[in-house]
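Here you get one chain, nothing else, as C-alpha coordinates; it is the form predicted alone.
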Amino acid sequence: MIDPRRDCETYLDIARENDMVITHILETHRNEDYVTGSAELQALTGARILHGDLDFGYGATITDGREIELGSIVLRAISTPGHTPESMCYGIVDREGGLETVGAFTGDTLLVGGVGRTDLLGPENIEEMSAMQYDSIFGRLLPLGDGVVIFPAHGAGSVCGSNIASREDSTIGLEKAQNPWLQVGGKEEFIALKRNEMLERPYYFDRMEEVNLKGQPLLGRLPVAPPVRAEDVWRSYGDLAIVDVRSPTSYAASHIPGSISLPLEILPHYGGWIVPYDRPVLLVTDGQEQLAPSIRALVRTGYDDIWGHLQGGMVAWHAATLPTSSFPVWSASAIGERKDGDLFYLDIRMGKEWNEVRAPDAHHIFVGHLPSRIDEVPGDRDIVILCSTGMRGSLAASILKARGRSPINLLGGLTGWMRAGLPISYISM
(Lines give C-alpha, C1' and ligand atoms only; values in the text may rest on other atoms or scores of the structure.)
Protein backbone atom coordinates (compact mmCIF):
# COMPACT_ATOMS: atom_id res chain seq x y z
CA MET A 1 0.00 0.00 0.00
CA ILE A 2 1.23 3.47 -0.88
CA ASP A 3 -0.01 6.59 0.96
CA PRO A 4 -3.10 4.83 2.40
CA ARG A 5 -6.06 6.80 3.67
CA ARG A 6 -7.32 6.45 7.23
CA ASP A 7 -10.55 4.63 6.38
CA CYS A 8 -8.57 1.66 5.14
CA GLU A 9 -11.06 -1.22 5.38
CA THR A 10 -11.36 -1.20 1.59
CA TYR A 11 -7.71 -2.27 1.29
CA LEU A 12 -8.39 -5.32 3.44
CA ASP A 13 -11.39 -6.17 1.25
CA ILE A 14 -9.28 -5.89 -1.93
CA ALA A 15 -6.56 -8.10 -0.43
CA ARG A 16 -9.09 -10.76 0.60
CA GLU A 17 -10.84 -10.70 -2.78
CA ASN A 18 -7.50 -11.26 -4.54
CA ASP A 19 -6.11 -13.79 -2.03
CA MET A 20 -3.25 -11.47 -1.10
CA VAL A 21 -1.53 -10.22 2.05
CA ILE A 22 -0.57 -6.59 2.74
CA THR A 23 3.10 -6.72 3.72
CA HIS A 24 4.42 -3.17 3.17
CA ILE A 25 3.07 0.36 3.60
CA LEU A 26 5.09 3.00 1.73
CA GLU A 27 4.86 6.75 2.26
CA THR A 28 5.86 9.05 -0.60
CA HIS A 29 6.26 11.97 1.85
CA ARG A 30 4.82 13.49 4.99
CA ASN A 31 1.40 14.29 3.55
CA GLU A 32 -0.06 17.67 4.41
CA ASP A 33 -3.61 17.59 3.04
CA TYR A 34 -4.99 14.51 4.79
CA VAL A 35 -4.27 12.20 7.72
CA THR A 36 -2.46 9.19 6.36
CA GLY A 37 -3.74 5.75 7.31
CA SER A 38 -0.35 4.05 7.68
CA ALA A 39 -0.55 3.45 11.42
CA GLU A 40 -4.18 2.37 11.11
CA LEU A 41 -3.39 -0.15 8.39
CA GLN A 42 -0.33 -1.44 10.22
CA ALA A 43 -2.44 -2.08 13.32
CA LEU A 44 -4.84 -4.14 11.18
CA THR A 45 -2.27 -6.07 9.15
CA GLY A 46 1.13 -5.98 10.85
CA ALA A 47 2.61 -4.63 7.62
CA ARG A 48 5.90 -2.73 7.75
CA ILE A 49 5.85 1.08 7.24
CA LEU A 50 8.68 2.63 5.21
CA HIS A 51 9.18 6.33 4.46
CA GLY A 52 11.76 8.89 3.36
CA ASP A 53 14.59 10.28 5.44
CA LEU A 54 12.65 12.29 8.03
CA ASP A 55 12.28 11.65 11.73
CA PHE A 56 8.82 10.11 11.66
CA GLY A 57 7.39 8.82 14.92
CA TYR A 58 6.68 5.45 13.33
CA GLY A 59 8.01 3.14 10.63
CA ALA A 60 11.56 3.03 9.25
CA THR A 61 13.53 4.93 6.64
CA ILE A 62 13.81 3.52 3.14
CA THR A 63 16.95 4.53 1.25
CA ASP A 64 17.37 5.48 -2.39
CA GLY A 65 17.69 2.43 -4.61
CA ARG A 66 16.35 -0.07 -2.09
CA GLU A 67 14.17 -2.76 -3.67
CA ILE A 68 11.11 -4.53 -2.30
CA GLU A 69 10.17 -7.84 -3.93
CA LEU A 70 6.47 -8.70 -4.27
CA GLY A 71 6.26 -11.85 -6.34
CA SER A 72 7.35 -10.98 -9.86
CA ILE A 73 7.05 -7.26 -9.08
CA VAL A 74 9.92 -5.21 -7.70
CA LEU A 75 9.41 -1.74 -6.21
CA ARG A 76 12.53 0.43 -6.31
CA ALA A 77 12.80 3.51 -4.07
CA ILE A 78 13.73 6.73 -5.90
CA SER A 79 14.69 9.75 -3.80
CA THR A 80 12.96 12.81 -5.29
CA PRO A 81 13.24 15.81 -2.93
CA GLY A 82 11.52 19.04 -3.86
CA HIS A 83 7.89 18.94 -2.80
CA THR A 84 9.31 18.01 0.59
CA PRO A 85 12.92 17.17 1.46
CA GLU A 86 12.17 13.49 2.09
CA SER A 87 9.90 12.88 -0.93
CA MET A 88 10.22 9.40 -2.41
CA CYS A 89 8.88 7.85 -5.59
CA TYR A 90 8.71 4.13 -6.28
CA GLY A 91 9.56 2.59 -9.63
CA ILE A 92 7.81 -0.62 -10.72
CA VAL A 93 9.66 -3.47 -12.43
CA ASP A 94 7.77 -6.51 -13.70
CA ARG A 95 10.38 -9.25 -13.99
CA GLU A 96 8.06 -11.42 -16.07
CA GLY A 97 8.57 -8.93 -18.92
CA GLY A 98 12.14 -7.81 -18.26
CA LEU A 99 14.18 -5.59 -15.99
CA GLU A 100 13.01 -2.23 -17.33
CA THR A 101 10.87 0.12 -15.23
CA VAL A 102 7.27 -0.09 -16.42
CA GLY A 103 5.60 2.29 -13.96
CA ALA A 104 6.19 4.63 -11.06
CA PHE A 105 4.28 5.88 -8.05
CA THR A 106 5.23 9.55 -8.25
CA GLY A 107 3.66 10.94 -5.06
CA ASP A 108 3.46 14.74 -5.16
CA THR A 109 6.59 15.08 -7.30
CA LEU A 110 5.09 14.54 -10.77
CA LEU A 111 1.34 14.91 -11.19
CA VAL A 112 -0.86 14.51 -14.26
CA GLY A 113 -0.69 17.94 -15.87
CA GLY A 114 1.30 19.45 -13.02
CA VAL A 115 3.99 19.07 -10.40
CA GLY A 116 3.90 19.35 -6.63
CA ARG A 117 4.10 22.70 -4.86
CA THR A 118 7.47 23.71 -3.42
CA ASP A 119 6.48 26.35 -0.87
CA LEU A 120 5.71 24.12 2.11
CA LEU A 121 8.92 25.08 3.92
CA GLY A 122 8.15 28.78 3.54
CA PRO A 123 8.89 31.43 0.90
CA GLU A 124 12.53 31.68 1.96
CA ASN A 125 13.12 28.08 0.78
CA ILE A 126 11.14 28.07 -2.48
CA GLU A 127 14.15 28.48 -4.76
CA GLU A 128 16.13 25.72 -3.09
CA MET A 129 13.18 23.31 -3.02
CA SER A 130 12.24 24.15 -6.62
CA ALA A 131 15.79 23.48 -7.79
CA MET A 132 15.71 20.11 -6.04
CA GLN A 133 12.34 19.30 -7.58
CA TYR A 134 13.59 20.17 -11.06
CA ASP A 135 16.55 17.81 -10.58
CA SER A 136 14.25 15.09 -9.25
CA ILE A 137 11.85 15.32 -12.19
CA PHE A 138 14.29 15.91 -15.04
CA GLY A 139 17.18 13.92 -13.62
CA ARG A 140 15.46 10.96 -11.97
CA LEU A 141 11.91 10.46 -13.27
CA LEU A 142 11.92 11.49 -16.95
CA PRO A 143 14.95 9.28 -17.76
CA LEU A 144 12.89 6.23 -16.72
CA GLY A 145 11.42 6.30 -20.23
CA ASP A 146 8.45 7.67 -22.17
CA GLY A 147 6.48 4.44 -21.86
CA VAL A 148 6.56 4.38 -18.06
CA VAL A 149 3.08 4.73 -16.54
CA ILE A 150 2.86 7.18 -13.64
CA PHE A 151 0.49 6.96 -10.69
CA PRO A 152 0.48 10.27 -8.73
CA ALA A 153 -0.80 10.79 -5.21
CA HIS A 154 -3.35 13.47 -6.14
CA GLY A 155 -5.79 14.44 -8.87
CA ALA A 156 -7.84 17.48 -9.83
CA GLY A 157 -8.99 19.64 -6.93
CA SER A 158 -5.95 19.07 -4.75
CA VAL A 159 -4.08 22.14 -3.53
CA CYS A 160 -0.79 20.20 -3.54
CA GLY A 161 -0.12 21.46 -7.07
CA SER A 162 -1.60 23.63 -9.80
CA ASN A 163 -3.33 22.66 -13.06
CA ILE A 164 -3.71 19.02 -12.01
CA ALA A 165 -5.70 17.05 -14.58
CA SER A 166 -8.62 14.81 -13.67
CA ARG A 167 -7.00 11.64 -15.07
CA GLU A 168 -5.67 9.29 -12.41
CA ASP A 169 -2.65 8.11 -14.39
CA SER A 170 -0.55 9.05 -17.38
CA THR A 171 2.80 8.19 -18.95
CA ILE A 172 6.09 10.05 -18.85
CA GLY A 173 5.86 10.51 -22.62
CA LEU A 174 2.42 12.10 -22.38
CA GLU A 175 3.56 14.38 -19.58
CA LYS A 176 6.61 15.48 -21.57
CA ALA A 177 4.26 16.38 -24.43
CA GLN A 178 1.37 17.91 -22.45
CA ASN A 179 2.47 18.97 -18.97
CA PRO A 180 3.32 22.71 -19.07
CA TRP A 181 5.81 22.33 -16.21
CA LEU A 182 7.87 20.00 -18.38
CA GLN A 183 8.01 22.50 -21.28
CA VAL A 184 10.36 24.90 -19.48
CA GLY A 185 13.64 25.99 -20.99
CA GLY A 186 15.73 24.96 -18.03
CA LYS A 187 16.12 25.02 -14.26
CA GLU A 188 16.12 28.81 -13.89
CA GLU A 189 12.82 29.14 -15.75
CA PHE A 190 11.33 26.34 -13.66
CA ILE A 191 12.42 28.08 -10.44
CA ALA A 192 11.02 31.41 -11.67
CA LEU A 193 7.66 29.84 -12.43
CA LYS A 194 7.61 28.20 -9.03
CA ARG A 195 8.50 31.48 -7.36
CA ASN A 196 5.45 33.10 -8.99
CA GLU A 197 3.09 30.17 -8.44
CA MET A 198 0.05 31.27 -6.46
CA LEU A 199 -1.37 28.46 -4.33
CA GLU A 200 -3.39 28.90 -1.17
CA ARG A 201 -1.98 27.18 1.89
CA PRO A 202 -4.86 25.81 3.99
CA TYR A 203 -4.68 26.41 7.73
CA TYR A 204 -5.08 22.70 8.41
CA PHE A 205 -1.88 21.79 6.55
CA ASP A 206 0.19 22.43 9.68
CA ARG A 207 -2.07 20.16 11.71
CA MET A 208 -1.92 17.38 9.12
CA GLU A 209 1.86 17.62 8.86
CA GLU A 210 2.28 17.35 12.62
CA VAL A 211 -0.11 14.41 12.92
CA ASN A 212 1.51 12.59 10.01
CA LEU A 213 4.97 13.11 11.45
CA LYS A 214 4.27 12.04 15.04
CA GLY A 215 1.74 9.31 14.30
CA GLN A 216 -1.97 9.23 13.77
CA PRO A 217 -4.51 8.38 16.49
CA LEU A 218 -5.96 4.95 15.74
CA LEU A 219 -9.63 4.92 14.81
CA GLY A 220 -10.33 1.21 15.08
CA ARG A 221 -13.48 1.89 13.11
CA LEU A 222 -15.17 4.88 11.52
CA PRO A 223 -17.30 7.11 13.76
CA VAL A 224 -20.95 6.10 13.65
CA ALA A 225 -22.54 9.60 13.71
CA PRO A 226 -25.80 8.42 15.33
CA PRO A 227 -29.13 10.12 14.64
CA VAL A 228 -29.86 13.02 16.98
CA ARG A 229 -33.33 14.53 17.48
CA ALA A 230 -33.76 18.14 16.45
CA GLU A 231 -34.64 19.19 20.01
CA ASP A 232 -31.45 17.60 21.36
CA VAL A 233 -29.38 19.35 18.68
CA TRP A 234 -30.92 22.67 19.70
CA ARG A 235 -30.09 22.08 23.35
CA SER A 236 -26.42 21.53 22.41
CA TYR A 237 -26.45 24.14 19.64
CA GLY A 238 -23.81 26.47 21.06
CA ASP A 239 -21.26 23.69 21.56
CA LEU A 240 -21.45 22.18 18.06
CA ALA A 241 -19.89 22.72 14.66
CA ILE A 242 -22.89 22.13 12.39
CA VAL A 243 -21.82 21.03 8.90
CA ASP A 244 -24.54 21.02 6.22
CA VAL A 245 -23.56 18.92 3.19
CA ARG A 246 -26.76 19.45 1.20
CA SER A 247 -26.87 21.17 -2.19
CA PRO A 248 -26.48 24.96 -2.44
CA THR A 249 -30.14 25.41 -3.35
CA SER A 250 -31.38 23.30 -0.43
CA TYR A 251 -29.12 25.13 2.00
CA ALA A 252 -30.13 28.58 0.72
CA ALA A 253 -33.84 27.77 1.04
CA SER A 254 -33.56 26.82 4.73
CA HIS A 255 -30.76 25.96 7.12
CA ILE A 256 -29.87 25.95 10.80
CA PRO A 257 -28.60 29.43 11.74
CA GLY A 258 -24.82 29.53 12.03
CA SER A 259 -24.31 26.20 10.25
CA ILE A 260 -21.54 25.82 7.67
CA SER A 261 -22.54 24.99 4.11
CA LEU A 262 -20.10 22.44 2.72
CA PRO A 263 -21.76 20.61 -0.19
CA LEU A 264 -20.45 17.08 -0.32
CA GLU A 265 -18.57 17.81 -3.55
CA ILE A 266 -16.29 20.35 -1.81
CA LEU A 267 -16.24 18.97 1.74
CA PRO A 268 -12.92 17.08 1.29
CA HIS A 269 -11.17 20.21 -0.04
CA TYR A 270 -12.63 23.00 2.10
CA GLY A 271 -13.69 21.42 5.39
CA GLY A 272 -10.25 21.93 6.93
CA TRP A 273 -10.33 25.63 6.07
CA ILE A 274 -13.48 26.40 8.05
CA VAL A 275 -14.66 23.63 10.40
CA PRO A 276 -13.15 24.05 13.90
CA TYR A 277 -11.23 21.08 15.31
CA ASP A 278 -12.15 21.78 18.92
CA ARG A 279 -15.93 21.22 18.68
CA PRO A 280 -18.04 18.11 18.03
CA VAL A 281 -19.42 17.96 14.48
CA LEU A 282 -23.13 17.60 13.74
CA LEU A 283 -23.95 16.66 10.14
CA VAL A 284 -27.03 17.82 8.24
CA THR A 285 -27.70 15.70 5.15
CA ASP A 286 -30.36 15.17 2.50
CA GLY A 287 -30.45 11.45 3.28
CA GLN A 288 -28.50 8.42 4.47
CA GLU A 289 -26.58 8.16 1.19
CA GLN A 290 -24.70 11.37 2.07
CA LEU A 291 -23.77 10.27 5.58
CA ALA A 292 -20.98 7.73 4.99
CA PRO A 293 -19.03 9.81 2.42
CA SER A 294 -19.33 12.85 4.70
CA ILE A 295 -17.89 10.93 7.64
CA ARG A 296 -15.05 9.60 5.50
CA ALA A 297 -14.18 13.08 4.22
CA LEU A 298 -14.07 14.48 7.75
CA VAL A 299 -12.03 11.60 9.18
CA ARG A 300 -9.47 11.92 6.39
CA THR A 301 -8.77 15.49 7.49
CA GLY A 302 -8.56 14.70 11.19
CA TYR A 303 -12.11 15.24 12.45
CA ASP A 304 -12.68 12.31 14.80
CA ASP A 305 -15.32 13.84 17.10
CA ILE A 306 -18.41 13.43 14.90
CA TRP A 307 -21.27 13.82 17.35
CA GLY A 308 -24.07 12.65 15.09
CA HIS A 309 -26.41 13.65 12.27
CA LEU A 310 -29.71 15.49 12.36
CA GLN A 311 -32.40 12.81 12.48
CA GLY A 312 -34.96 13.46 9.77
CA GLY A 313 -32.95 16.33 8.30
CA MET A 314 -34.38 19.80 7.90
CA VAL A 315 -37.91 18.40 7.62
CA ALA A 316 -37.67 17.30 11.26
CA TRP A 317 -36.09 20.62 12.21
CA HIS A 318 -39.07 22.50 10.74
CA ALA A 319 -41.52 20.10 12.38
CA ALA A 320 -39.94 20.98 15.72
CA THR A 321 -40.55 24.70 14.91
CA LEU A 322 -36.92 25.57 15.59
CA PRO A 323 -35.22 28.69 14.17
CA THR A 324 -34.10 28.68 10.53
CA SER A 325 -32.27 31.01 8.20
CA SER A 326 -32.16 31.51 4.43
CA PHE A 327 -30.78 33.72 1.66
CA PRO A 328 -31.50 34.25 -2.06
CA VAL A 329 -29.89 32.46 -4.96
CA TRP A 330 -29.69 34.18 -8.33
CA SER A 331 -28.79 33.27 -11.86
CA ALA A 332 -26.67 35.54 -14.03
CA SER A 333 -29.79 36.77 -15.82
CA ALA A 334 -30.99 38.33 -12.56
CA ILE A 335 -27.80 40.41 -12.46
CA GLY A 336 -28.53 41.76 -15.92
CA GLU A 337 -32.07 42.73 -14.91
CA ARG A 338 -31.00 44.67 -11.84
CA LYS A 339 -29.88 48.15 -12.78
CA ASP A 340 -29.11 49.82 -9.46
CA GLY A 341 -25.60 50.14 -8.10
CA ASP A 342 -26.22 48.85 -4.58
CA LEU A 343 -24.75 45.39 -5.16
CA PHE A 344 -21.35 44.45 -3.75
CA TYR A 345 -19.66 41.76 -5.86
CA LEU A 346 -17.46 39.41 -3.86
CA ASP A 347 -15.23 36.95 -5.73
CA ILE A 348 -14.26 34.13 -3.36
CA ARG A 349 -12.19 31.99 -5.75
CA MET A 350 -8.50 31.19 -5.28
CA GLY A 351 -5.96 33.85 -6.14
CA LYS A 352 -4.82 31.99 -9.25
CA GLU A 353 -8.37 31.93 -10.62
CA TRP A 354 -8.85 35.62 -9.79
CA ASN A 355 -5.65 36.49 -11.62
CA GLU A 356 -6.83 34.79 -14.81
CA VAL A 357 -10.35 36.17 -15.27
CA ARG A 358 -12.71 38.25 -13.15
CA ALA A 359 -15.83 40.39 -13.15
CA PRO A 360 -15.08 44.12 -13.25
CA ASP A 361 -15.48 45.98 -9.94
CA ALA A 362 -15.55 42.73 -7.93
CA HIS A 363 -13.79 42.59 -4.56
CA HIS A 364 -11.62 39.51 -4.01
CA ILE A 365 -11.36 37.52 -0.78
CA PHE A 366 -10.61 33.81 -1.03
CA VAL A 367 -13.31 31.86 0.81
CA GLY A 368 -10.78 30.29 3.18
CA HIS A 369 -9.74 33.77 4.35
CA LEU A 370 -13.27 35.17 4.59
CA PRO A 371 -13.74 34.72 8.38
CA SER A 372 -10.56 36.67 9.14
CA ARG A 373 -11.33 39.41 6.58
CA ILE A 374 -15.04 39.82 7.25
CA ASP A 375 -14.63 43.54 8.03
CA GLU A 376 -13.91 44.15 4.34
CA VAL A 377 -17.46 43.10 3.47
CA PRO A 378 -20.11 45.83 3.96
CA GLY A 379 -23.05 45.16 6.22
CA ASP A 380 -25.46 47.56 4.50
CA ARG A 381 -25.47 46.16 0.94
CA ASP A 382 -26.49 42.94 -0.79
CA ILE A 383 -23.42 40.78 -1.39
CA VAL A 384 -23.39 38.86 -4.70
CA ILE A 385 -20.96 35.95 -4.32
CA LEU A 386 -18.95 34.87 -7.34
CA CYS A 387 -17.15 31.53 -7.63
CA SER A 388 -16.88 29.15 -10.57
CA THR A 389 -20.26 27.42 -10.33
CA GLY A 390 -21.87 28.25 -6.96
CA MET A 391 -20.59 25.40 -4.80
CA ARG A 392 -17.96 27.42 -2.96
CA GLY A 393 -20.37 30.34 -3.10
CA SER A 394 -22.69 28.45 -0.77
CA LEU A 395 -19.87 28.08 1.75
CA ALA A 396 -19.09 31.80 1.50
CA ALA A 397 -22.76 32.67 1.88
CA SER A 398 -23.02 30.60 5.06
CA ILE A 399 -20.03 32.43 6.53
CA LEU A 400 -21.44 35.83 5.60
CA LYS A 401 -24.96 35.05 6.81
CA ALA A 402 -23.67 33.88 10.19
CA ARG A 403 -21.83 37.19 10.53
CA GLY A 404 -24.78 39.43 9.82
CA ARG A 405 -24.25 40.10 6.11
CA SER A 406 -26.83 39.80 3.30
CA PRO A 407 -25.44 37.24 0.82
CA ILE A 408 -26.80 36.26 -2.58
CA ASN A 409 -25.23 33.12 -4.05
CA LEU A 410 -24.86 33.37 -7.82
CA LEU A 411 -25.59 29.84 -9.05
CA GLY A 412 -23.58 29.11 -12.15
CA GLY A 413 -20.90 31.50 -10.89
CA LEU A 414 -18.48 33.05 -13.36
CA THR A 415 -19.36 30.32 -15.85
CA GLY A 416 -22.96 31.53 -16.00
CA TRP A 417 -21.81 35.15 -15.83
CA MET A 418 -19.78 34.78 -19.02
CA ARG A 419 -22.48 32.82 -20.83
CA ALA A 420 -24.95 35.58 -20.00
CA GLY A 421 -22.68 38.06 -21.76
CA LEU A 422 -21.96 40.11 -18.63
CA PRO A 423 -18.73 42.18 -18.51
CA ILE A 424 -15.54 40.24 -17.90
CA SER A 425 -11.85 41.09 -17.61
CA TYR A 426 -9.06 38.76 -18.69
CA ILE A 427 -5.85 39.43 -16.82
CA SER A 428 -2.54 39.05 -18.64
CA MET A 429 0.10 37.35 -16.47
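These figures come from a predicted structure and were not determined experimentally. So that there is no doubt, residue numbering starts at 1 and follows the sequence shown.
Omitted from view is the form predicted in complex with another copy of the chain, to which the following refers.
Shown without its partner, this chain lists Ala192, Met198, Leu121, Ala319 as candidates; in the predicted complex, only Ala319 has a non-hydrogen atom within 4.5 angstroms of another copy of the chain. Proximity to another copy of the chain in the predicted complex, defined as a heavy atom within 4.5 Å, holds among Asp305, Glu210, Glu231, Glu356 only for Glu231. At a distance threshold of 4.5 angstroms between non-hydrogen atoms, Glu40 is in contact with another copy of the chain in the predicted complex. Put simply, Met391 is close to another copy of the chain in the predicted complex: some heavy atom of it is within 4.5 Å. Using a 4.5 angstroms threshold between heavy atoms, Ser331 counts as touching another copy of the chain in the predicted complex. Among heavy atoms of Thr101, some come within 4.5 Å of another copy of the chain in the predicted complex. Shown alone, this chain has one stretch from 124-132, 267-275, 346-354, 143-151 that lies within 4.5 Å of another copy of the chain in the predicted complex by heavy atoms: 143-151. The partner is not shown here, but in the predicted complex the stretch 12-33 reaches within 4.5 angstroms of another copy of the chain through a heavy atom at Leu12, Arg16, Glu17, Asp19, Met20, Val21.
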